[in-house]
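Read the single chain below, which is given as structure tokens and is the form predicted on its own.
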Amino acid sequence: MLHLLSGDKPRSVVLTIILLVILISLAFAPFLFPGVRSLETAARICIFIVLVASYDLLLGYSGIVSFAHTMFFGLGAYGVALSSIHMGRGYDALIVGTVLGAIAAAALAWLIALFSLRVRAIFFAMITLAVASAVAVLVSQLSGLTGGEDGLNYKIPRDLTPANRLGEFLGVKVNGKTLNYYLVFFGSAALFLLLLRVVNSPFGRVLQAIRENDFRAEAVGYRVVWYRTVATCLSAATAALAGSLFAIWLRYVGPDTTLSFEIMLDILLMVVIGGMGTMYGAILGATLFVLAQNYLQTLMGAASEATHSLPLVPHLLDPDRWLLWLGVLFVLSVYFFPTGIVGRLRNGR
């Protein structure tokens, strides 16, 4: 197990227990939490763990601020969508779309890094924001190719759809949707372990040295721009692969679901909540944030009904105000966990 984790132990008993609970819950989600909504939530958690971890490779380990991560995520998703439309609903279309999406994301990341990584960090962030905005507008306007604002619906292999009924297991009906979930789960697990291996390799140690003091790393002899460029390409390709898994799961892609700047803000929140520069922070941040997005309204509705006899409280707990309370929770998490949840658990009380 230690070799599988690339020697990066959680270094906290509480953190280890939390990670094991999340792992078991996600591994057996179709049987522990049967239902369409719960399975959808579990699949999104798996995908966003990879997406957040790939962004943490940039922000937490390399010290690079980028606002173009959803662009790479969208490239992977649209790669699968377009290949499925033009090649049919076979596995070959999924493979071709996934590979081409990752290559396109890495190539675009290389071009952006080539022309902008030599400037100061804030200018690089602005350049990535401009490129991401331009791509989002382009995708919305090329309706003949990308479906425009309406997006694209497509078919995936029948084996991965609810039409493929496989019987029952542990009292739960198993169908192609369950197989699709495990494709997402094992794909996300493999990508996360790959990122964990990268950050704990000599390459990852150099990235951390560059993050701490790029001038000193350059003086020692490391090519700072080259290392940052490679990290940017790796991060972009991994985000594209996460987008491919998302497209296979959802069977729909559109600007709002893959290229929206709101998703970029969500990724930033997840990184900060979990803890920057800790891959395990991606697991905690993505899990807490996706659960809050999906179930906070339901909890607030129940709390509002339970306190209906009290003055003012039911109005404050109205489900329509869930974004307000989500913001409050984020502010509290940053105040009490300035180094993220993982950082606080590793440092003890």
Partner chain sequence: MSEPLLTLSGVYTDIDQYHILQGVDLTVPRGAVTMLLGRNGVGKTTTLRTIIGHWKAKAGSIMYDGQDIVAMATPARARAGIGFVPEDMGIFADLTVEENMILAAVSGAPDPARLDWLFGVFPPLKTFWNSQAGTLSGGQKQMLSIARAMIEDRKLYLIDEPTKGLAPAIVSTMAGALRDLKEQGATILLVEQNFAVAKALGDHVAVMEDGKIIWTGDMATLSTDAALQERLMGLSMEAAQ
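Bear in mind that the values here come from a model prediction, so they are computed numbers and not experimental data. Positions refer to the first chain, counted from 1.
Same protein, other form: the form predicted in complex with the partner chain, not shown, and the subject of what follows.
- The partner chain is not drawn, but in the model of the complex it has no heavy atom within 4.5 Å of residue 158.
- The partner chain is not shown here, but in the model of the complex it comes within 4.5 Å of a heavy atom of residue 208.
- Mapping the unseen interface onto this chain, residue 251 falls outside it, with no heavy atom inside 4.5 Å of the partner chain in the model of the complex.
- Remark: residue 149 does not count among the residues lining the partner chain in the model of the complex, judged by a heavy atom distance of 4.5 Å or less.
- The chain is drawn here without the partner chain; in the model of the complex, the stretch among 149-157, 107-115, 173-181, 200-208 whose residues come within 4.5 Å of it by any heavy atom is 200-208.
- The listed set 92, 262, 212, 168 contains one residue whose heavy atoms approach the partner chain in the model of the complex to within 4.5 Å, identified as 212.
- Out of the listed residues 220, 122, 134, 142, 220 is the one that sits within 4.5 Å of the partner chain in the model of the complex by at least one heavy atom.
- If you take 11-32 and check each residue for a heavy atom within 4.5 Å of the partner chain in the model of the complex, you get nothing at all.
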